[in-house]
Ligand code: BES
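Take a look at this single chain in structure tokens; it is the form predicted on its own.
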Amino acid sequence: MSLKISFPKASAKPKGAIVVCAFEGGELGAQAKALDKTLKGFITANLKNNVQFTGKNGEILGLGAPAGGAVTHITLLGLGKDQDLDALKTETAGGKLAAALTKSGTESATLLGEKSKKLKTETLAAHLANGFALRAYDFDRYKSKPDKKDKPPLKLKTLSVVTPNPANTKKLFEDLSRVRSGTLLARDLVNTAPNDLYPESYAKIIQNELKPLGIEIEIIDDKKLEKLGMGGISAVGQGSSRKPRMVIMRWNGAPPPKTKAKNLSTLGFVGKGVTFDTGGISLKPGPNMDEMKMDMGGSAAVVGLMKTLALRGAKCNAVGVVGLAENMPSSNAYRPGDIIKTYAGKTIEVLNTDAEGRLVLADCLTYIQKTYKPEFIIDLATLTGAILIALGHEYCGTFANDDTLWKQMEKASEQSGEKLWRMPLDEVWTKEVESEIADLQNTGKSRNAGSCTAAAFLGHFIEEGTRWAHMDIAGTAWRKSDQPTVPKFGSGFGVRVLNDLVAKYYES
């Protein structure tokens, strides 16, 4: 992203495109009042003629500017009720401002930060800028460069956020940028075309992105996967000429234990990385199949999280495991009716090759438990269309076998703004995925409770005593409409909530 955000000191003579803030009720902020005084009441006079502007959070009003002055345009940004303002609402306002300014043809703008009764000035300014940067994300990798003869359209290049405490604001913004970097990497991965992002190339991207940050990378290729007996991921990937991979990412940031008796715990994260999902032999319908490049959204979130942990030097040990495969129909593809054997030794009757993500995850879950004995495991996967029926695009359905872990995730959800909703795990669904001719079958015995039976299937691969949560992000990894801080398509969902979980509860 080419947008540059800076935090200069206040200037006695503001110029160019200026953004000022107002609270609900139309009350101007302190800096807005000061500018209004300099402009001889221009802002308040225009507000009287625009009674529809009330200052609600994210409300935008363009005012123009007095003729002949240094200020060329004034934009009014609503922050909502001062007493209700928090970091997330501030980011929402910043995101909506970004959406407005990026369409305005403005190359640079100055945002006058404000005082708030609830938030520190630097906190308000940093989160406004963070929301702005999250929404200003633009995936233009595949856009052709304009012809030299044609004048390229103007794009927003710089945002200056004026605040009384520029050094403190910049530091806080830089802290937020580490989480944002992981989120934007996850978005980039989800948005990348499937002819560029396939198991082998994806593994190399992970290595190139994370290894320089101090993360240890191990790549298991298709031959070793078969040798290890990872029949789930191998079966899903066998129909494609682009063979599967498993990538292990290790971040060792925990300080050494004070006593030899204390063992360092490891946090475990697993992601589904089906780089393109045709459904295999159980072929999906043609319409919207192009969106199945996003079926690796769970793995993207894990990769983005690992980057964030490294960038901020998280004081924990964490391991991320992603299973990468391309699910294609061919003469070599696995079939409905096949019986496959997983790394755990359990056999699975394949009833539908489009229920492939759980087969990939089964081997990843077993591997991370056998190798690392993690304190907990959280897996993320665009696993079921059924979760969309239940929760739409607003919430991520989350299944947890431990109440404490769930409560921690719920708190992290509230703090990050990435919404989680707890879904039930039940013995009924555990039995629903037991097969008559193998240990398990990869779909339930009916179409009902599809997300619950999928989670129950994964539960068969969780060892007794292991704390585990499954996040079905099928509705949140990919958006068809813009959100305040998330442009449409790849969202990067999962990075922020899991980073907050780790930061709040699991660092030394």
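So that there is no doubt, residue numbering starts at 1 and follows the sequence shown. Fair warning: this is a prediction, and the values are worked out from it, not measured in the lab.
The same protein has a further form, the form predicted together with the named molecule, not shown here; the description that follows concerns it.
Checking Lys315, Lys419, Lys284, Lys155 against the named molecule in the model of the complex, a heavy atom within 4.5 Å turns up for just one residue: Lys284.
Note on contacts: among Ala32, Ala469, Ala474, Ala456, the single residue with a heavy atom within 4.5 Å of the named molecule in the model of the complex is Ala474. Although the partner is absent here, Thr384 lies within 4.5 Å of the named molecule in the model of the complex, judged by heavy atoms.
In the model of the complex, none of the heavy atoms of Leu184 sits within 4.5 Å of a heavy atom of the named molecule. In the model of the complex, at least one heavy atom of Thr443 sits within 4.5 Å of the named molecule. Using a 4.5 angstroms threshold between heavy atoms, Lys293 stays clear of the named molecule in the model of the complex. Only one of 431-439, 224-232, 271-279, 359-367 lies within 4.5 Å of the named molecule in the model of the complex by heavy atoms, and it is 271-279.
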